[in-house]
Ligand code: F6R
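In structure tokens, one chain follows: the form predicted on its own.
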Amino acid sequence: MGGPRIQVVQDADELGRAGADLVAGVFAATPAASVVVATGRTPMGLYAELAGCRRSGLADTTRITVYQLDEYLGLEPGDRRSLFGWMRRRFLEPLGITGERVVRLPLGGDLEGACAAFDRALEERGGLDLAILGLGPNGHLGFNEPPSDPWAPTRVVDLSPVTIVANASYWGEVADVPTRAVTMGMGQLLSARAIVLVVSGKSKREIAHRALEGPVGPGVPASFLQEAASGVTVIVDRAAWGNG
């Protein structure tokens, strides 16, 4: 294992373009790819650029299947905080991906059993071809909060105070952020055949270096990317990486 390939770009705009080129290349090589995509601000430029590639015929998304990465628990249908709603608006609709090619996380009933069934179905399909991920302020991937082991399955999680405060910037107040969620597991993410991690902004500088250069362990879940057997590409802008 050679470790992640780190591509430092000038700014968020260049990050979006570089990420879209990489993802379009995966779709060209694997037209029926199984993909999981992050929400959050950082990947939005990538998704917008990718939608432009689709419109211009440079990216074919007609056969890909998209898996949901994470979702809050306890929301009513149509709640503005829904991460699926965000994914639908920013990724699925712009890329013409219809309902039968979208696999949502379980949110009700026997969640432990349903999450295990979700993982089995993904494994039977052959696993993920591509994971597009962001980096949480405490090093989480999806909502795999620290400590998370590299084999952790899809499951219900309690969100950390750090994550709740960070997500309040999207929804208004800390009290507006749900405290529990379902997340695709570390085991499923780390076994993706290609992983693209996008990191932007000065606020992520410390955790980016901890995740990519520091000790590997469950205290910084993203640090397990250093040991992933698949191809990991990190696209990080200068503000997040520094000038060194």
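None of the values given here were measured: they were computed from a predicted structure. The first residue of the sequence shown is number 1, and the count goes up from there.
Beyond the structure shown, there is the form predicted in complex with the named molecule, which is absent from this document and is the topic of what follows.
Student: Okay, which stretch from 148-156, 68-76, 98-106, 112-120 lines the named molecule in the predicted complex, with non-hydrogen atoms inside 4.5 Å?
Tutor: Contact criterion met by 68-76 only.
Student: Classify P94 as contacting or not contacting the named molecule in the predicted complex by the rule of any non-hydrogen atom within 4.5 angstroms, answering yes or no.
Tutor: Contact check for P94: no, nothing within 4.5 Å of the named molecule in the predicted complex.
Student: Should W171 be counted as a contact of the named molecule in the predicted complex, where contact means heavy atoms within 4.5 Å?
Tutor: Contact check for W171: no, nothing within 4.5 Å of the named molecule in the predicted complex.
Student: Mark A38 yes when one of its heavy atoms lies within 4.5 Å of a heavy atom of the named molecule in the predicted complex, and no otherwise.
Tutor: Yes, A38 sits close enough to the named molecule in the predicted complex that at least one of its heavy atoms falls within 4.5 Å.
Student: Does T42 make contact with the named molecule in the predicted complex, using a 4.5 Å heavy atom cut-off?
Tutor: Yes - in the predicted complex, heavy atoms of T42 and the named molecule come within 4.5 Å of each other.
Student: Give, in sequence order, every residue of 194-233 that has a heavy atom within 4.5 Å of the named molecule in the predicted complex, or say none if there are no such residues.
Tutor: Contacting residue: only K204.
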